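First comes one chain, alone, set out as structure tokens in the form predicted on its own.
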């Protein structure tokens, strides 16, 4: 890690949070509409908090088949209050963020006679956080839910901030609502169940946090031994803290929360395009990395970012992540998919672009021709780049 970066947690002598008669090793970070509970005892806090929720009529645990297999035993070992909860399983992956899956879950809740006092526990990564939050926001006009992220993506991004949503007609997060969880509980030991690709999928969001908000965090993430779970846990906590701080200042994305969209405007278009060719489907973080390469270039091309910073960012991203190979006609299709992006305003594409490493500006109008140019530049980079082992 860069010597100037000092993680805020898991250090010797770190203060503990008092919970009744117990002193638990956690930190609570204020995300505005909800707290983020981080640390080795985060699940014990969940157990105490739902155990004291005397008005809860029932508990339901939503997860995909992988998280229920690999992470549910860990959850129940630390949260005995949930041992009698019903489980709801969905297939893993982005296709579960659909109206059809929502209907199945709503039907299950109805068949179980779940009322407005039931609680939903979202056990999973970004897909489960988005889907479960949307279910909670809409079922009987809103029920209480708790996010228990099991992936890096969930821990540093999707579980924090109250954004919920599903995909519609191939467009990412087209239908959704703001609905805050009661809390998000970050338990890094869940990451033992993940492979390298899934871990790196979430690291992409950590890279983004550093690029738009904290240059020291960017340095720490790009130089850290990410295969070491202890190191990764430290970086996850700081990234979650960055996300929570931004959300607290702008909970409904009217202004500065938009910096978190860096890499996502083009990235969502690339991600949706990759779904149309299943043999080259990308994970969300992989698509965002491609988007960050394009949008870093736009930051330089529009005069916001100097060439040295541009080159440093792009070189690191291309070395760290697999690239997305496009045919000559693909940029036109990607731009077509972007035309329904919810960040667009008054018929114009709106971007968050870098002004320096650690700083960004929002609501930059970019034309389709400029996006085309950025995508063509990305294609040329991919053709000429040999990724490091």
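What you see is a predicted model, and the numbers here were worked out from it, not measured in a lab. Residue numbers count along the first chain shown, from 1.
Omitted here: the form predicted in complex with a small molecule. The next part is about that form.
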TODO: Flag this candidate site as yes only if 286, 296 and 353 all have a heavy atom within 4.5 Å of the small molecule in the predicted complex; otherwise mark no.
DONE: no
TODO: Scan 66, 340, 323, 48 and let me know which has any heavy atom within 4.5 Å of the small molecule in the predicted complex.
DONE: 66
Task: Of 220, 82, 158, 120, the one that lies within 4.5 Å of the small molecule in the predicted complex (heavy atoms) - done: 158
Open item on the list: Even though the partner isn't displayed, in the predicted complex is residue 211 close enough to the small molecule, meaning a heavy atom within 4.5 Å?
Closed with: no
Open item on the list: Considering non-hydrogen atoms and a 4.5 Å limit, does the small molecule approach residue 97 in the predicted complex?
Closed with: yes
Open item on the list: Can you tell me whether residue 126 touches the small molecule? I mean in the predicted complex, with a 4.5 angstroms heavy atom cut-off.
Closed with: yes
Task: Partner proximity in the predicted complex: residue 130 to the small molecule, non-hydrogen atom cutoff 4.5 Å - done: yes
Task: Residue stretch of 232-240, 105-113, 302-310, 171-179 approaching the small molecule in the predicted complex, non-hydrogen atom distance within 4.5 Å - done: 171-179
